[in-house]
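A single chain, nothing else alongside it, follows as structure tokens in the form predicted on its own.
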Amino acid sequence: MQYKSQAVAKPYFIAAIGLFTGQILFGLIMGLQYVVGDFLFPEIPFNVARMVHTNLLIVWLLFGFMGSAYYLVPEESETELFSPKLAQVLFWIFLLAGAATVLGYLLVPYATLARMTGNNILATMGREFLEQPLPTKVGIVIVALAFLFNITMTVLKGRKTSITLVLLIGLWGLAVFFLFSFYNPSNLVLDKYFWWWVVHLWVEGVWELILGALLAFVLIKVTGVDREVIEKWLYVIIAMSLITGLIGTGHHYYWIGTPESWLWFGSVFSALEPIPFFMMTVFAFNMVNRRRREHPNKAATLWALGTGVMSFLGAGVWGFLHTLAPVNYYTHGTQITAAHGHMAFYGAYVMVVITMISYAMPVLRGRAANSERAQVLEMWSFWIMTVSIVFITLFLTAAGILQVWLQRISATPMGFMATQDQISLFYWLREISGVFFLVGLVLYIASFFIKGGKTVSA
């Protein structure tokens, strides 16, 4: 059954894909600046392009999570959203605040932006991924709390399910851990220690709960497998994710002045982190194989299966490759880290948001699935984007291995910039792969403009 208030998810999904496109464009600008150092300089310096690229990633995924929650929660709770009007107002506040912040990065020198936005009152700027000015951070907290109020009240007045419980814990955890972005101690060790409480405990902690809940919801819809079966899998996966992810924070504490015990805690529990992602892959394929009906939206099913596989490869395998302390000693901060980051974010979070959009948008437009022609185009986009990110990861991995050897292990180690010259071929190949990724994204967007489709209820 479809609920009228689910329609508020549509602008969130549209904004998410628009911002995703912006993120990829700035990624291509950065990639070219690696090999053509003065490209778009001084209009868009590398540090600004990097801030915009990473901040757009965070913001568009948050739009995707919020839109997914607005679609999922009424259906799971079997009741209309507590306040659709509040959801609409929050959308425009969040979108305008995000746009203003990006324009601030592009048009105002960062130090000037810090002075203009009260960083002297409460210093929160200047840290990777948390570069947002103080007013933006405050705005994110206000939007997040109002959003959580809306979602929580909807759940409280309707049916309670395991999926909404896991989703709520993940979303509340997201908001709570973001509060540590306001804590910026002068001691560098303390700063880094708590900085990871936002960055790591988001992507390897509470975001995994959101991922599990969204994937479980879509699999119930497209497979018809009993809810009880999927919920049992969900609980096991989430338990393993939290155990390995929370203690696995220690793999960031190796070299920042923390106790030596983190070498063991970080290594052992981080080495276990591939397990929940492998379980997620098995879970997705198992549910599809046991399906009791053929859902017309084959593209959404493909994205759901791809989420399991790519999150296991990116977050699991590539994370494991350099998470052990004796290995991480050499690889930390190299292109191997970038390789892991690109595939992990795409596999775990980009793909699950696209899975939700691919399932929900046709329903919001009055059909169970897009036309067969549109789905074929969408599945082409799936393969082009996924293969492209695999090649991006492989090229960055090769660059990272060579970088480690030339810069950190060789008997005659080279300087950083000299090493970068030696691995520039891999940067060119990464850039070409990025162009193909953008082509795949354009095809994905185009698939929604092809008319027709099954108008039966989902």
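Quick caveat: nothing in here was measured; it's all calculated off a predicted structure. Residues carry their position along the shown sequence, with the first being 1.
If you look for the form predicted together with ligand HEM, you will not find it shown, but the lines that follow are about it.
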- At the 4.5 Å heavy atom threshold, is residue 128 in contact with ligand HEM in the predicted bound form? yes
- Residue contact check: residue 27 to ligand HEM in the predicted bound form, 4.5 Å heavy atom: yes
- Message: Does any part of residue 83 reach within 4.5 Å of ligand HEM in the predicted bound form? Heavy atoms only, please.
- Response: no
- Looking at the partner-bound form in the predicted bound form, is residue 252 within 4.5 Å of ligand HEM by any heavy atom? yes
- Message: Looking at 326, 257, 333, 366 here, can you tell me which has any non-hydrogen atom within 4.5 angstroms of ligand HEM in the predicted bound form?
- Response: 333
- Note on the structure: Exactly one of 178, 147, 262, 196 comes within 4.5 Å of ligand HEM in the predicted bound form through a heavy atom, and that residue is 196
- Triplet 315, 341 and 431 all within 4.5 Å of ligand HEM in the predicted bound form via a heavy atom: yes
- Note on the structure: For ligand HEM in the predicted bound form, the stretch among 84-92, 182-190, 286-294, 244-252 with residues bearing a heavy atom within 4.5 Å is 244-252
- Looking in the predicted bound form, the residues of 337-357 with a heavy atom no more than 4.5 Å from ligand HEM, listed in order, are 337, 338, 340, 341, 342, 344, 345, 346, 348, 349, 350
